[in-house]
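The chain below stands alone and is given in structure tokens; this is the form predicted on its own.
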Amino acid sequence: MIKVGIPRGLLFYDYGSLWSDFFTKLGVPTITSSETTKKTLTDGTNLAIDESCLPLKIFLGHVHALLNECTHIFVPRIAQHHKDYYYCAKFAGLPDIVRNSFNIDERRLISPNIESKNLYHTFKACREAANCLDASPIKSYLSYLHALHEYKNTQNLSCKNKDTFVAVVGHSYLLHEPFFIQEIKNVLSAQGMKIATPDQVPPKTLYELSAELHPEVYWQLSAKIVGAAQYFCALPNIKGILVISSFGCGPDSLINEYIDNLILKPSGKPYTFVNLDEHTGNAGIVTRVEAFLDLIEWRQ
């Protein structure tokens, strides 16, 4: 019996509900890997090459956890969603990385090419997924449209109120990764600080705000971080900005310099950067966040 595994990593935190719903409407059972643990990270680190970034190591750890639980693994090859921006190269090469890391039959990988939002490429991607599952391309496309409709109905929260917020900015696969982010949330909550994230801002707004740095900023996920930094810096109830990055991320090493010098410093708001890697301990994170909160209190 066919069962599709969906790794809980990378773009899962952006599109995971869409992917799961697509397979459900197609009549294909799915299984999602459990939340990240120390073992997940260790397994992924052992499989990845040294130059791999932290999120990629975590993703490989989740794939490793799924191999014996399902017949197929969903690893899309994503190059572009927004016409003016591109995804980091690791997303375009992800199926090849998984196949070579585990030396598995490529027929176990469901890896549709997602190149843009236009009708032709969308139908082509649905057809590729259907071929792997011996399903009808038309049914696959209709299942996607139904899943997409429900996905778009998901409402974003708002941080435009009188409450005091700390903006936590970074890639979704870091901000929604409990293994790293939970301690940060606990420290902020203990001090009565609510958390605002880029998820609470419409993507269209983020891209519009980042447009002035285009084409220098051409990575799609980096553009969202730039837009989020500008958006939160303009809100008076945002008392500080915490930027979460991962060691080994090439785009982050450049984008952090952009937002540091062009956005955060001119805003006058307190801010700090927290870089994560596989050796990062909770004690170190807590210390950084507590010092950041002391800075906010001192500024006020």
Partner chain sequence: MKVVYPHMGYLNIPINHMLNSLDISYVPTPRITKRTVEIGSLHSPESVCLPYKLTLGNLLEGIDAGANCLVTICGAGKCRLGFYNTVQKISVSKVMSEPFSFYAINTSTGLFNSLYNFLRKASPRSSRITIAYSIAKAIKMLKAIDTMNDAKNYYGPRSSNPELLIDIYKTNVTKLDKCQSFKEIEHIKDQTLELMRSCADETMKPLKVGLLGEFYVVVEPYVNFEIEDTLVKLGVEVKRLVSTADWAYAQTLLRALKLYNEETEHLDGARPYMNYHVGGEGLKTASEALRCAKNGYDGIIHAYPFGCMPEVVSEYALKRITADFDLPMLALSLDEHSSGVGLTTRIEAFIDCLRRRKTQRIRKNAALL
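Numbering follows the first chain given and starts at 1. If you're wondering where the values come from, they're calculated on a predicted model, not measured in any experiment.
The same protein also has a form predicted in complex with the partner chain, omitted here; what follows describes it.
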Checked Y141, Y173, Y207, F102 for heavy atoms within 4.5 Å of the partner chain in the predicted bound form; positive is F102
Among the candidate residues A65, L41, A48, I238, which is the single one with a non-hydrogen atom no more than 4.5 Å from the partner chain in the predicted bound form? A48
Is G27 a contact residue for the partner chain in the predicted bound form, using a 4.5 Å heavy atom cut-off? no
Taking the shortest heavy atom distance, is S111 within 4.5 Å of the partner chain in the predicted bound form? yes
So in the predicted bound form, does any heavy atom of D96 sit within 4.5 Å of the partner chain? yes
Contact with the partner chain in the predicted bound form for I244, defined as at least one heavy atom pair within 4.5 Å: yes or no? no
Given a 4.5 Å cut-off on heavy atoms, tell me which of 228 to 236, 66 to 74, 251 to 259, 32 to 40 is the interface stretch with the partner chain in the predicted bound form. 251 to 259
Quick one: name the residues from 79 to 94 with any non-hydrogen atom within 4.5 angstroms of the partner chain in the predicted bound form. A79, Y86, Y87, C88, A89, K90, A92, G93
